[in-house]
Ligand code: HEC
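Quick setup: one chain, the form predicted on its own, written in structure tokens, and binding and motion questions come after.
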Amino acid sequence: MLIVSLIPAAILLAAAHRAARPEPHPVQWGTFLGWGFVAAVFPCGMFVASPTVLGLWALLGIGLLVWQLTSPRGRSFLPYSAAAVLIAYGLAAPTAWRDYTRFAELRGRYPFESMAVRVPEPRRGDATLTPAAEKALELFEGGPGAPTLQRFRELELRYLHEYTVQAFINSPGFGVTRMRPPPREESLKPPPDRPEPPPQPASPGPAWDGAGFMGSVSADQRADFGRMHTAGLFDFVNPGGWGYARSRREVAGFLPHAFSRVPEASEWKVERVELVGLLRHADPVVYQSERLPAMADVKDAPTRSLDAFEIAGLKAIRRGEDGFAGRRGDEVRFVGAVRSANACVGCHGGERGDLLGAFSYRLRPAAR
């Protein structure tokens, strides 16, 4: 707002000096008041209000009156106008500085941190990006059918770190416009309506060994499991609130990925969801926990080896399939890929389409 206020301030100064011409005397009040109304009052009707400009107008008016009453002809009005500018902007400066220091405090609470140590980079050539996998990525990146994402927190964090000087320049102390307000603590905190990861719906089931798990899973059921996985992945990644990534080593306000609810399929009940990790260990592992997967738990979570079904599922998604399903009796299992979308590359490194991991689901028919 400081820069915006300079334009009407310049108009006021020009009008004041025009009105204070040595000849003819006295002051041309019509010129000063008319241009002052245009520069200081008229913008208020367009939601651009500047107390600093209004104050400058009043101070220049007082200066003109004093100059007219006390100054002999020929004396310059410049000292009076300079004093008016110093007083008007001097009164606004403390408020602007207070806003700037509050901005700096928020940056200290939400500093940049490096993801290079926390998040291993994907392994090159670990997956193939087939048309099916490409379609899933496009959905995640906002393609047709994707949910609408509110990235307000990311925008607030970006503004906090990228527009430091603007915190002083755009301070309401210099006026209020329709420009976006500076970030507030309430808008930078984690969303209050996002719960902690819920507990696993059921205990771990037996491992599926051998190859006898290609039971009757119809194409419609497989598609339903794919939609369940995509919705669960959106919930786990939480792209609308994860933070701001300027680079892999400069990430602010990051919220670790986690489920906030149990994924749902139309006619099946999810009994367990486990994260298949590919990056932290030499061989793929499955992280086990009493609640749904949360990246904050990975460091200390116990692990197990993949069973035969998960090995087959991992091979399938590495070939580029969007998911892998199997059935034994009334239990269905599904392995869904977690691939790196454009927005993920900033933190994870690598390239779009890299395989970051997978989710292993256990499902049973929902009670009717």
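Quick note: we count residues from 1 along the sequence shown, nothing fancier. Everything numeric here is computed off the predicted structure, so don't read it as measured data.
Beyond the structure shown, there is the form predicted in complex with the named molecule, which is absent from this document and is the topic of what follows.
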(message) Within 4.5 angstroms, counting heavy atoms, which one of the listed stretches 93 to 101, 222 to 230, 276 to 284, 191 to 199 is next to the named molecule in the predicted bound form?
(response) 276 to 284
(request) Tell me, out of V237, V85, A132, V217, which residue has a non-hydrogen atom within 4.5 angstroms of the named molecule in the predicted bound form. (result) V237
(message) Only one of V338, L56, L64, V335 gets a heavy atom within 4.5 Å of the named molecule in the predicted bound form. Which one?
(response) V338
(message) How about A301 - does it come within 4.5 Å of the named molecule in the predicted bound form, if we only consider non-hydrogen atoms?
(response) no
(message) Does any part of R118 reach within 4.5 Å of the named molecule in the predicted bound form? Heavy atoms only, please.
(response) yes
(request) Would you please decide whether H257 lies within 4.5 angstroms of the named molecule in the predicted bound form, comparing each non-hydrogen atom pair? (result) yes
(message) in the predicted bound form, does H17 come within 4.5 Å of the named molecule, counting heavy atoms only?
(response) no
(message) Is the named molecule in the predicted bound form close enough to V251, H348 and L356 that every residue in that trio has a heavy atom within 4.5 angstroms of it?
(response) yes
